[in-house]
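Structure 1 and structure 2, given next as structure tokens, are two forms of the same protein chain, each shown alone.
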Structure 1
Amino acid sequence: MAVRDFLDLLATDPRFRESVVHIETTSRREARYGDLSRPLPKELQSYCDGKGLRLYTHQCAAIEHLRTGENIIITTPTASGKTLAFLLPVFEHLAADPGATALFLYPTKALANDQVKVVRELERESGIRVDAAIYDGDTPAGRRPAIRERSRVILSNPHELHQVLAWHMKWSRFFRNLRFVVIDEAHRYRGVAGSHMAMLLRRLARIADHYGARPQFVLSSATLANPGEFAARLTGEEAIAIGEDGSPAGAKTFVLYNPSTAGGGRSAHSATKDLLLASVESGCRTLCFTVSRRLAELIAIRSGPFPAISAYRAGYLPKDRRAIEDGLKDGSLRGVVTTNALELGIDVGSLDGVIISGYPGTMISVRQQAGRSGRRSGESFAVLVAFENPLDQYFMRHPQAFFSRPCEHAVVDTGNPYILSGHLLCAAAELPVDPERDGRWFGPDLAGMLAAFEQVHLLRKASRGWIYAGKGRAADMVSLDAVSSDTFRVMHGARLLETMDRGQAYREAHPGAILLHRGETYVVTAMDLDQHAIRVEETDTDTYTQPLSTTDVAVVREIRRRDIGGMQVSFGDIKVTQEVVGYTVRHYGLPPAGPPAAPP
């Protein structure tokens, strides 16, 4: 009844009614179950029976294709059982082959920590021993040798894999027996990050090939326009796309909400706060997505003294993030305001509704975020709160353009010379590069790149091939997400509050900046660029700071030009320079408080 109470409130309360511009409802969908060509091993069938699980059609399809040695990409919606669809066939193979191993890659440590519980539960209840373990930057040094020597299922992330491939000799047992590589939330690897990931996976496949293994790739993803093509570009291997969802779904009401249609000049942020409070007060367990870390903190603070609402974002310490996730799952928290950090499949229990504050930029994100509610087939809702920008307002005026809009193509470019050349250096540090053998991994221009690197003394030719000759570690020269890997620590006395990368620190943590952290306000007193430390003091204020930046785009060279629809479009190289030049001081919900302050 809580969801219905909230929706009735939107329809009848004058505070909300005028801003509701469109409502779209999807009907309840019944489950469609499938059958396997041969039964699961008794240990796995007993696990399913004990949980009361029947396999959906897409889960059966995934199991059958993996049994025949094919690669797959599963693109069914959130909470459709994708994890079980690949865990069962992986465990089935590991039960039949006691030496086989599997590598599970997740985009974040938080997601790996969440998913290892599921893997260990299956291991414990089925009795199939795999010694599942997490291996990442937080793994104690004393535990690492035992994991390398004994674990058959290892959960990690691309950044850790990038660092350990050069030490593959220590992993020889694991790589020699590698049968599966599972890439969860694969849609996160698009654009530059996806191109880096594609080359990292080719380096992994090259190492496995060196030890005589050819693993199957299993991708779990949000809905994409080009799943098969994307999987092939990301892994270098053809894959079967499985997208027809057999899981049940409850009725979902999707509301387009436009604050600019109501009088009084209410901002989208104020409207988001009011909707969140109304939802929580109606008894709904609610997740509210925002477009920035600052807005997540700001909306949580402006929700007042309500004790059951918290912010959640990247930068929080792991123990703080886990406490919030557990609070949302057990019901002690009724509302969480988050960035896209919770767009991933971290288990936060059954949610009644989602509020999306501002169009997140892609329909992939819209569907992922909206899909976080109604996870157990009950009635649910999603509300998109429009900003005043042209795209948000266009969707408000043309609802069918929004609801009929397909998900985007996921683009991966393995031919980018800057990305390709960096990973070639890493590969040469891992194994000598043979131009004839390794062209399959690095493309037809491999010989030319090797010669170019020899001229600048980064590679040299040895008896077994080309090897890395640079001074520093090759892996340290390549950042997988193409952003600074520098980490700044935000310190309140001796207490570590959170971490930031260099770009965020420059924008948000200059001296004089007001930081919002878990409902508390702090003022930055010092920023030590050498020690990567930001010093803050607690402050009692109803203001926050917003950076002022300038962006300069300079055309370096034009490569080609086309005429499209009477408009000239050029393709070429550009240089983008962003500079933070000052900041403004704002009151919560009010216009800027005076002129810009002095430059930071």
Structure 2
Amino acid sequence: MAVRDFLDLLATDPRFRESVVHIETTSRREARYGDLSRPLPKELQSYCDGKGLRLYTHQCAAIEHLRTGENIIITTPTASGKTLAFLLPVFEHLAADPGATALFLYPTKALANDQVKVVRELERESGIRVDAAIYDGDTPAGRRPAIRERSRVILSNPHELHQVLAWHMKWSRFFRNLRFVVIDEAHRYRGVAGSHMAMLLRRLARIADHYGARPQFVLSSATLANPGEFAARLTGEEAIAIGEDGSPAGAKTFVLYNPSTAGGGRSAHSATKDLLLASVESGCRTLCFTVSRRLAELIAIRSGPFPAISAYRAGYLPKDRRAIEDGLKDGSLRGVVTTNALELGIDVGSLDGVIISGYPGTMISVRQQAGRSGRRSGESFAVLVAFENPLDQYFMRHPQAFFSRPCEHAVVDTGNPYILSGHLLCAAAELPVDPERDGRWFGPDLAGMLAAFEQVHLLRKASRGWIYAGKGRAADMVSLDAVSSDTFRVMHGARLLETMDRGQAYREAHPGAILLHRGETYVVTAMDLDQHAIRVEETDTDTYTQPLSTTDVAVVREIRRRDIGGMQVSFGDIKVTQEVVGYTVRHYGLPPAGPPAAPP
């Protein structure tokens, strides 16, 4: 068996043996099934029976809580049947109430494309008509009116919702009957993304409220330290946390692998490549996670002779990504090197192993990534390849600290004045803002924000509330990706290769930079800051470039200061300036050569 072969190879082959610092095996876990207080409607029951499905304890809990009108957050692991846990109760409600509608939000279009198949299958098999449809940037204009008027389950993403809310009058049927808002992969909405999502969901709830609806929120998330608090911050409503996993799992071996312990000090990247090749050659379908887009490309290139290995990352065009997903699913690809783009629940079939090249920064990510292997009951493995940095090395020396480490708290700040005020502008363009009525969505600072916007002539007080008075479309000014956002297009001749944001463009696509894209190397010939375009030419080189940057931190305002163990610790606003000052040209496998060159 492939997984065994690979693990034996690790234990015996002198190339690998020295670097294995710890092996942790979790044994097989049996399924725990639950019972419902009242059976599912027979259409759904026969769907489950037809697939030989029996409900696990956590699925029953989700169904019962949603039946009583509560909001829930499900945090059981990948492949534990989370999707079914909310699909069944949503369909149960939609079957009983023929007008009711539900909105499913996914972080990416790709994931919605993947999931719509599951929803449609349930619709077909159960005969409960919901006309499930995707409504996103790829939906042809001709199909949109019918979806708005007819579909009861709509799959979309936050970016689309952000645009759609201003058109609520065309969606009045859907919003009036909105009973569920499902937020899949909710853990993705942490930090800035979380602040935007939180405000977007308040705008959605406000529109629903305008039409007299109050939807239940259903969150599906990776394991978190604070699911209940997180759900409440994100949606503004209390939610029941469901985390006790009832699904069975096969045995899993987690290997901590430290390349720097072996003589000669092999780099983590080489070690990753060797492990990936060994795993694929042992016959394991393998996913390799890297910490950056560039590393994903580099490792895929260096696994070069093996044709069934590909890179996969954000920035690839959708059809390229879909081809890779399909290749992994049908087995024509045996290994894929990816950034966290594949952390999402896109179904790539059952995987034998996962190689995590470098601690990804959070235990949430470690568990998500490791969870991609062993989706079925068989044995599987995960390997964490340590980098040279102190945190990775600490884990190598203290494996127990690693395995007992809890998942992080997911933080959502709903008070960021820029994000909050941006969404207030959008909200005012959707419906007049009434300070009394809308305080519950926009918090205690609402009056201050309204006054500030009046000063700059973007809002104006009218009889029914404050109305948007700007000449640009509010939703176009506010981007959900960041506090400020710009996208650059990388063009090879007339062909769009990929897109990247401004910060990344400065770091990785300055003139002279070597850009890796699907294993091909390109050199950047021009960067047009006005047009947001980057021009590249194909090049044949075994060099790569590394940006040199300086980061400057200046204190803008100190808010609090405290003495902790004899050290002054301050809390306040800071301004972080990152400047790319130059770059070095490096040769694969050789130390840096030549002086750094300066980009403009």
Partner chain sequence: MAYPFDRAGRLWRARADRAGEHNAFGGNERFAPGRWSPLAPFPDYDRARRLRDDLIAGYRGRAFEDVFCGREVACGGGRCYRLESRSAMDLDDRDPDRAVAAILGDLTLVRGIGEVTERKLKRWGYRTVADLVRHPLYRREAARLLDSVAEGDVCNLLERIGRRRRSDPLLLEVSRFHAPADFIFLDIETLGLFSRPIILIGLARVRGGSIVVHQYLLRSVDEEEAALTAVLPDLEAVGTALVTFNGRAFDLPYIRERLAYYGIPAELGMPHFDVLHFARRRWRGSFATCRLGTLEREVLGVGRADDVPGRMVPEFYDTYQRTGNPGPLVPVVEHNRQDLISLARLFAILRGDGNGGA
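Note that the structure is predicted; figures quoted are calculated from it, not measured. For residue numbers, the reference is structure 1: its sequence is counted from 1. Rigid core: the largest C-alpha set superposing within 1.5 Å between the two forms.
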Would you indicate whether the form predicted on its own is structure 1 or structure 2?
1
Is R29 one of the residues whose C-alpha moves 2 Å or more between the two structures after the core fit?
no
Is the C-alpha displacement of H532 equal to or greater than 2 Å between the two structures once the rigid core has been superposed?
yes
Cα of F174 displaced 2 Å or more between the two structures, core superposed?
no
